[in-house]
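Only one chain is given next, in structure tokens, and it is the form predicted on its own.
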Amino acid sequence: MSKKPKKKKRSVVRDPHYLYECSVQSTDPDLDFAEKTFRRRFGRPFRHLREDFCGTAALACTWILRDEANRALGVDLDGPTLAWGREHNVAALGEAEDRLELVQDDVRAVSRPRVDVTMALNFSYWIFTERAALLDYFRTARRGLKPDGMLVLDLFGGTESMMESEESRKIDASVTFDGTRVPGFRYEWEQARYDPITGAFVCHIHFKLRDGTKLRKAFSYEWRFWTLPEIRELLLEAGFEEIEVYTDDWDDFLDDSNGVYRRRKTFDNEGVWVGYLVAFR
């Protein structure tokens, strides 16, 4: 009787930072948007980027490799996450590493060197739950921009955005910034609690791997849910000259965003929408 062939072990990657970069971050589309918007406004490319709440600095590292003239500054308060970014992402830059600076500090404490564009993505600035704290951050962000500079934020909203809910989607296999191959896995987003009195908003990210392993609460967030009008008003109060709003188009066939962001003066509310706010100094 012939022996049954042994089943190959299913390859998995359990590092939550790799899983986050593959499922949450979209560095190239985000940078494409920033470059297009800056060029339309100022008629030239920008060269110096600041990534606030940079985490593993994936966005800053991607920017560095786009052009030999590009420079970047990354700011984050979390030492271990920055250390991971240095080991895995910054190290992959090779000699280009000299054009990237990472700073471990509160983003409200760093306003130099001045840059062309600051980006604070993945709703990270929602960590400021008090109005005064968020205003302080926006004022610091403005001081850190050159005269022809812009701040790019992302945000979401809609009739279902404050409800307790869970969303699950399959993430295809991909290769990370440092060349690590990450097999497909499942990403789960949980909106666990929203308090309509304080705006307190608790969310979690879970990952389910190919071998059945589930990483529950791989990342957890205790935010305040900031609405678009609130953020616009705070940006103007912080001294920004003009605010532009961009939201995604919806594909009814896919029942999902088509990834195209258009400038809006007004738009119809939906269950959930995602957008960018661009503030010009």
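All values reported here derive from a predicted model rather than from experimental measurement. All residue numbers refer to positions in the sequence shown, first residue = 1.
Here the subject shifts to the form predicted in complex with a small molecule, a form of this protein not shown in this document.
Three-residue candidate spot Q25, C54 and S124; every residue lies within 4.5 angstroms of the small molecule in the predicted complex by at least one non-hydrogen atom.
Here the chain stands alone, but in the predicted complex its contact with the small molecule, taken as any heavy atom within 4.5 Å, falls in 98-106 among 98-106, 191-199, 141-149, 171-179.
Put simply, Y187 is far from the small molecule in the predicted complex: not one heavy atom of it is within 4.5 Å. For the chain shown alone, W84 is not a contact residue for the small molecule in the predicted complex, no non-hydrogen atom being within 4.5 angstroms.
When contacts are judged by a 4.5 Å heavy atom cut-off, Y221 counts as touching the small molecule in the predicted complex. Contact between D78 and the small molecule in the predicted complex is found at the 4.5 Å heavy atom cutoff.
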